[in-house]
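The form predicted alone is given below as one chain in structure tokens.
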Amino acid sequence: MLDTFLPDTLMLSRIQFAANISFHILFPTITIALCWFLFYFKLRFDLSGDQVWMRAYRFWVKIFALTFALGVVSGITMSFQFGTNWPGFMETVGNIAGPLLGYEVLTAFFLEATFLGIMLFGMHRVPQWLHTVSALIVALGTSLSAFWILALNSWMQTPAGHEMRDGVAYPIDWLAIIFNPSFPYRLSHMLLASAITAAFLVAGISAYRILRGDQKRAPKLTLKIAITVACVLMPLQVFVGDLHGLNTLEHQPQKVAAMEGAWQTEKGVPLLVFAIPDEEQRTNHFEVAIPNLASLILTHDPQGEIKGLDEFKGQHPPVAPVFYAFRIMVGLGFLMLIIAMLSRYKLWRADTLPSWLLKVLVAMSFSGWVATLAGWYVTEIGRQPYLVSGILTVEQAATDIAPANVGFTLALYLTVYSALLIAYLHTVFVMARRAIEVEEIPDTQSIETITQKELEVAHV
């Protein structure tokens, strides 16, 4: 009875997986790079003995632990869906996806989980050098986890190193599978996105503490470091994004055509700053375009040819979500670049930021999440109608269970994820406010004294 009021199973499964992966990706996007910030803070403390580095480390390691925990929990529930909602995926490409996911799990548990325990609870139980090495190993572990996940995701976009037998993919060259044509660009693009996301989070929360009257050195120092990191990495991300675009044009031209709203194959294609794609009439409405710029960016030739969607009828992704998501990602990316550059300039001139700019940074604390999600939607929706390009369509992989079953779990996931996300955001800002209450520790105190003093301050 309920099934008559619900979308079909395929659509519900798509929405459910999109909801799961959208929630999950938020947390690794922060932890992959935030642990490198932590390692830097701890190393600087070991080398200088300046306790401001330890205070920065102790504040951000709590946020790292909270974020890491939510990333692990959401990752586990996501993996269940391969079996419940997408049985065709593992049946067809399980020989390749299984080992890659297994390596990621081994990395997560043996490197991240083990040494994370030392990071969180071993400050006074192991030598300081071992504690710092643990922070380094956790940072390496999170990056290695990203390596394996991006290897699988990239292979799903540009599969290589396999052969098909009776409709099942078998590996014949693991190096070709892992280092498939889009892997280097996708991995570097994602790692940079993580670093920029973490940088804006550190900058935003540090700005929040300063705005709330925190006059200690730690938030001022972390604000400068985060802004500097963003200034260095944002231009690099633009460069890598250009390489990624060239690679996508070569291997997934239908995705680029959807990103650009290009309905026919043309030379000298304009860049559409704004338009409303109309898939039914296969045209764009209300175009605001810059002549030849899309061809110049994508082919490095103002008269370069870009294949249109007319060459991929029935085999191209839905245009509107890819078109809009791409513009959100690029637009927000350039806004982050401008704010980072302006902040760095102000800090260079006056060693402080005006309150309006601090407020902007607070508002952009999680801007990296939005940009990353938009980019992720371009990547994943842009692969449609395939789950694994040229091998397995989304429809072939989906389960055939009743829509009500998928609808029930979808409602459950959305409820739990919404509650967890609200709780996470609230907790981060509560941590920031409580950190303001901690007294500045004189530089002459030892690490043991710092810890004892901090333990006396409740809930910091």
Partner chain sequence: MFDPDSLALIFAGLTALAVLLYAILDGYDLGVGILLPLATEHDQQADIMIASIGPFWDANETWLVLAVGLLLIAFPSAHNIILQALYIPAAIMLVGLIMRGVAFDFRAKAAFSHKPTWNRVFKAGSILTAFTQGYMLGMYVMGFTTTIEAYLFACLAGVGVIAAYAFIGACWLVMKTEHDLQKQAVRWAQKAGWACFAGVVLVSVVNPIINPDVLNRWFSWPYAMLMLPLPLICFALFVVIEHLLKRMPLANDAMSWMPFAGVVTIFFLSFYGLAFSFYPYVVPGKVTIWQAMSAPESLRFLLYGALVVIPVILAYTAFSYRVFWGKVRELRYY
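Being a predicted model, the structure only gives us computed values, none of them experimental. Positions refer to the first chain, counted from 1.
Missing here is the form predicted together with the partner chain; even so, the following discussion is about that form.
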Looking in the predicted bound form, is the partner chain within 4.5 angstroms of a heavy atom from every one of Q16, L111 and Y170?
yes
Scan I30, A56, V406, L392 and let me know which has any heavy atom within 4.5 Å of the partner chain in the predicted bound form.
V406
Of the residues R165, R282, K267, H300, which one places a heavy atom within 4.5 Å of the partner chain in the predicted bound form?
R165
Report whether the minimum heavy atom distance between F200 and the partner chain in the predicted bound form is within 4.5 Å.
no
Does the 4.5 Å heavy atom contact test between S418 and the partner chain in the predicted bound form come out positive?
no
I'd like to check something about I118: if you look in the predicted bound form, is any of its heavy atoms closer than or equal to 4.5 Å to a heavy atom of the partner chain?
yes
May I ask you to state whether A160 is within 4.5 Å of the partner chain in the predicted bound form, using heavy atom distances?
no
Among the candidate stretches 285 to 293, 211 to 219, 76 to 84, 308 to 316, which one is within 4.5 Å of the partner chain in the predicted bound form when only heavy atoms are counted?
76 to 84
Taking the partner chain in the predicted bound form and a 4.5 Å non-hydrogen atom cutoff, the residues of 418 to 437 making contact are L420, A423, Y424, H426, T427, V430, M431, R434
